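Taking the form predicted on its own, here's one chain by itself in structure tokens.
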Amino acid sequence: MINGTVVDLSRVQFAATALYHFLFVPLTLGLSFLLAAIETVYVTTGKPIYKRMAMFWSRLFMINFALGVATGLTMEFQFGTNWSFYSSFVGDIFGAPLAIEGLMAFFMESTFVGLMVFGWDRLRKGQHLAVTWLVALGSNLSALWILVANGFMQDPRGAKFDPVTMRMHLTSFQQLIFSPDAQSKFVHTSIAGYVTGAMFVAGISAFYMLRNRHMDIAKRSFRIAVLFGVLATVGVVTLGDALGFVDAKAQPTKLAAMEGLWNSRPAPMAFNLIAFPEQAEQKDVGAVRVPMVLSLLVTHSLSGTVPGIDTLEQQAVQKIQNGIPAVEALKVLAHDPQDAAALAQFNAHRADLGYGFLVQRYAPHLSEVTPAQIERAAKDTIPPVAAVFWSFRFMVGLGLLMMAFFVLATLYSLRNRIQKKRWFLKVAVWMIPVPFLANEAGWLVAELGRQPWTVYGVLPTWMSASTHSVGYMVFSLIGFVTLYSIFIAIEMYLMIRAIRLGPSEPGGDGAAGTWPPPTLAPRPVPAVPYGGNVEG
């Protein structure tokens, strides 16, 4: 059996690297489409100022993109190093979307990024615009395929466990791609990226306006960003509601944790606005409830109900009891795949195989399992309620704050009053970190809420890790955290330096703010007559 400390350290390491990486991803998604929108305005109007805008923001995009690639590649290696059993168990399904992401989306994105940054004087306007749109499309296709893979972990569809090979096998690529969780999460995550990009551009533009620098670019960038942002925040809230509706069916334990719903209640159900969940005693302290709102949010009706944690634990007990014969039959089939009785027993109980795996953590010999061990495993099916509960409210609260900001910013900008609202410009600068914090909170809700499963209802987390030593895990965790902290420091340094330099001025001679910088620009080659000689 895998050491529990190794499993916990593997989880902490993956969480740390994923949270670091997810700082870069949303900004890449948002900036890519903002760049495409700005350049479209340039090609349509022919005004050079929009070209300067696009060149400046593409410079910041490139810094973020490079660091995002570096953190993303090392993160994916962990599936093979720290989660080898998981990789073997679901590799046939999980590997397909990741391979497509690498071969199609990331390849397209990376190829055209170079043309976008260095092709301004080498491509015609229409060609360069097409390249920029392809970068934006590639970024979002990368997100699509990664979230298809993650969607399988959240709501496994299109696959079936084979008792002969002891692996999950893909049965329907269409079901895998069009999983409701994957599709709703892709749109929700992408639009959250648009909000991040919009806030980033608006905040930096406000910084310039506060210092009365680059006013022509700052005011235009601010207006485009806040118009983009107000639409994106509406989309995030709408798609977040849809994702909650999907989770209510696919992951009822996650929804119960998000709402701090310890006990099933009759309709219409009240919403816990504020509460302090205590998991050991399974109760809320200091709960402030809003009548009827939970039924409306989750079921879109006043008569709808959702099961509480007490009901879900009772259901888990039944699933564990049903899954135990499946695991016992699987042990027989591992030695004799042709055993008809074992195969019949497995097929009769295969739907709850994962719950049988879950109780093995406490009862390696399932023939000797006790009711207390089954009850303990049933309690494990509930994720850490307090962490999920408050992460969800933190995310929603920041989302509503950003919506209010973008509405006010749009009004001020359209009325040409934004440069006079210095207090609001200061607020805009301080708002830059807000979407990043909201994105991280959303990731915590999604991933902590799936626990104790790596693949929900199929493969427990405790079984998924590699059999490393504790010392190795401590060493690699320190190494990854140190490396990623250096990446963050590099990102901050390069971003702040580029922002201080600012955009190029019209008619500039390669001074601050030009892109590519003079050191990267190709040097002119002196003309040499045919057959001539160059010395020196």
Partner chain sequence: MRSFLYFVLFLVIALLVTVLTAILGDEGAWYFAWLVGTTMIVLVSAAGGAMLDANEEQAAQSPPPAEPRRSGAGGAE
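Numbering follows the first chain given and starts at 1. Computed from a prediction, not measured in an experiment: that's the story for all the values here.
Omitted from view is the form predicted in complex with the partner chain, to which the following refers.
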* Partner-proximal stretch of 429-437, 369-377, 445-453, 216-224 relative to the partner chain in the model of the complex, 4.5 angstroms, heavy atom -> 216-224
* Structure fact -> Assert contact residue (the partner chain, in the model of the complex, non-hydrogen atom within 4.5 Å, options Ala386, Val293, Leu414, Ala348) equals Leu414
* Structure fact -> With the partner omitted here, the residue among Phe186, Phe392, Trp262, Phe200 that in the model of the complex has a heavy atom within 4.5 Å of the partner chain is Phe186
* Asked: Any chance Met258, Leu302 and Val458 all have a heavy atom within 4.5 Å of the partner chain in the model of the complex?
  -> no
* Asked: At the 4.5 Å heavy atom threshold, is Gln314 in contact with the partner chain in the model of the complex?
  -> no
* Indicate whether Arg500 is a 4.5 Å heavy atom neighbour of the partner chain in the model of the complex. => no
* According to a 4.5 angstroms non-hydrogen atom cut-off, is Asp241 in contact with the partner chain in the model of the complex? -> yes
* Is there any non-hydrogen atom of Val234 lying within 4.5 Å of the partner chain in the model of the complex? -> yes
* Structure fact -> Residues in 243-269 that come within 4.5 Å of the partner chain in the model of the complex by at least one heavy atom, in order, are Phe245, Lys249
